[in-house]
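Next comes just one chain, in structure tokens: the form predicted alone.
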């Protein structure tokens, strides 16, 4: 679709400001009542979803043109989807996040890009990753593991580590542990190793649709050739790409996040805990695993109005409101660990506050990215938890950096690390 196809969404916005807050019946305190990091950080209407819909409409109608200020408005957003979810409580007929994506696609197509994003894209084209690293080092995280190489062998399950886990040495233990647990449980699993390619999800959110499509088609071809039926990843960004975006390109694989697979194995008795982990933790819902992790639902239809006023779709259009993301499996895994106490933050599940790393913000606006992470750390601390636990390397890296920058005492873990402690 094109930006112009969403003109009705831009016009329909009533500027109610729902996009700035979590739904009011879920507000527990003023301190943790906001939904959108962008408007909260920038303190100007244009940086809200409603403001960006106005910007998109103005651009379409020729009332404004490109400028550095407009580019800042368009890209100073993690595309975490909290605004879109909250907005659908009030305005079910507006696809705000889709408008933002189309707005970014338009700017990229017309050369209105950010220099720090271009460095990422150039490296993706040359080295197949978004970490500004050479592709030759992609498989080093798995060195020494007895696992199939799917560039030469076949397996029913592929484990996709993703860019951050592949190149962030401080996090290597997480994918190594996840892969080992699945392998020991008898799963016919393998990896692409140094032949693995970026999922493309992050660059899709940054506005680079062509580069995303190239990544997706390469991965789909490689998995098909290797006989893969199930794709497993420990990265929330990868999960969203494989679950929501790849099916539009013809992919037909079962997609599981590691926490879903581990939860299944625990309930089947294939993973058993032997040690207590006496700790109080709080769980952070990654945006791309939670509200943006809903499965793709095929739809073709048209929009019309009843009595010339009320918009409807024929046939009924899927409503992505965040409710069907992955929320319970990570919590069930944590609750199954002996001695572990799980306490919840105020903003959870589809209303969780973002970690700050998404949408290209960590690359282009590092200060904003860290500020967003620090806000979540404050919320985690308010629960009395000793640690904040995640299920995405981008969240964990951003939290670790924020904790270090603020000299905080709270620990940061992945769900898999606590599973490892209990075995």
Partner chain sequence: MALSREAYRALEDIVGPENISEEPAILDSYAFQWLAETIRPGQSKFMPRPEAAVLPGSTAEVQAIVKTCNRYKIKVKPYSTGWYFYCAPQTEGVIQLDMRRMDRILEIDERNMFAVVEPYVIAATLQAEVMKLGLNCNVTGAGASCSLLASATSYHGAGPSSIFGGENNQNLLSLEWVMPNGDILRTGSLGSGLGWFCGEGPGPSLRGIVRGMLGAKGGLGVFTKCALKLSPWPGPAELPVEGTVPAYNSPLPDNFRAYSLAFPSWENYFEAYYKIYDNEIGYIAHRQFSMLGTELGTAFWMLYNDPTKTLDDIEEFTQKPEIKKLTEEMKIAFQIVLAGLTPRHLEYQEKVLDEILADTGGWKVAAMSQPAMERFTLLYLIRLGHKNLNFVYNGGWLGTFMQAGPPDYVKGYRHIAEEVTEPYQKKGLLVDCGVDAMMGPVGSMGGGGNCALEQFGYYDVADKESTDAVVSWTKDCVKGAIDKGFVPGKGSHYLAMGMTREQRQSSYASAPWLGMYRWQRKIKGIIDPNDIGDELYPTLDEPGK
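Positions refer to the first chain, counted from 1. Note that this is a predicted model, so its numbers are computed, not measured.
FYI, the form predicted in complex with the partner chain isn't displayed, but the following is about it.
Across the proposed site, 195, 222 and 422 without exception lack any heavy atom within 4.5 Å of the partner chain in the predicted bound form.
324 is the sole member of 253, 105, 324, 296 with a non-hydrogen atom within 4.5 Å of the partner chain in the predicted bound form.
Checked against the partner chain in the predicted bound form, the candidates 316, 134, 339, 227 yield a single residue with a heavy atom inside 4.5 Å, and that residue is 316. Heavy atoms within 4.5 Å of the partner chain in the predicted bound form belong, among the stretches 196-204, 140-148, 167-175, 91-99, to residues of 91-99. Interface membership of residue 85, defined by any non-hydrogen atom within 4.5 Å of the partner chain in the predicted bound form, is confirmed. Heavy atoms of residue 377 never reach within 4.5 Å of the partner chain in the predicted bound form, leaving it off the interface.
The partner chain is not shown here, but in the predicted bound form it comes within 4.5 Å of a heavy atom of residue 27.
Residue 51 belongs to the set of residues with a heavy atom inside 4.5 Å of the partner chain in the predicted bound form. Using a 4.5 Å cut-off on any heavy atom, the residues of 290-314 that reach the partner chain in the predicted bound form are, in sequence order, 304, 305, 306, 307, 308, 309, 310, 311, 312, 313.
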